[in-house]
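One chain comes next, on its own, written as structure tokens: the form predicted on its own.
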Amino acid sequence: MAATPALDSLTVGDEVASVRHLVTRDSLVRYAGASGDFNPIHYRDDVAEFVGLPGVLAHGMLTMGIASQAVVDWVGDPARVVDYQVRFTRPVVVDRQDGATLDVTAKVAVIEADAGRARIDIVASVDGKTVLGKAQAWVSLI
């Protein structure tokens, strides 16, 4: 586990994490097993296309979890993430061969020194297109 960052060492605008994560069809199968979400749009091209989707989609909660992991790794303890919210703005289409590469960047947006916490804004994108909107995590640093 990483050491907890010191609140007084942070400045608004600091980038605290930047990661790339390859989401594959195997990732989707594993997540379906762990979550119990076996909706066929997450593993069958024919079903995804039949319902009008551009292809098999990553689970929204999987995308959300991958994005938050960047903050958890930076802050060093998942219990320090006291609030996390996102809006799903674009589906993550997972190509059968190439998967989908999720790029995640996290930056300090707000520091509340008296409360001992900071808001970290997260940008999650695939091929340069944002897939999560208003992704924000509040972290306690006291």
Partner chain sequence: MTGPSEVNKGEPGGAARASPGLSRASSVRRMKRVPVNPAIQGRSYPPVDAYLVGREKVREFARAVFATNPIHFEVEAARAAGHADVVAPPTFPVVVQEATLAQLLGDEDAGIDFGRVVHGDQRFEYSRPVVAGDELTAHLTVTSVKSLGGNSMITASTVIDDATGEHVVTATSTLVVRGED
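Residue numbers count along the first chain shown, from 1. For clarity, every value in this text was computed on a predicted model and none was experimentally measured.
Another form exists, predicted together with its partner chain; not displayed. Remarks below refer to it.
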Using the partner position in the predicted bound form, report whether V12 sits within 4.5 Å of its partner chain, counting heavy atoms only.
-> no
V110: touches its partner chain in the predicted bound form, heavy atom cutoff 4.5 angstroms = no
Does its partner chain come within 4.5 Å of any heavy atom of G60 in the predicted bound form?
-> yes
Given that the partner is absent here, does G116 sit within 4.5 Å of its partner chain in the predicted bound form, heavy atoms only?
-> no
Neighbours of its partner chain in the predicted bound form among 64 to 96 [non-hydrogen atom within 4.5 angstroms] = M64, G65, I66, S68, Q69, V72, D73, G76, D77, P78, A79, V81, V82, D83, Y84, Q85, V86, R87, F88, T89, R90, P91, V92
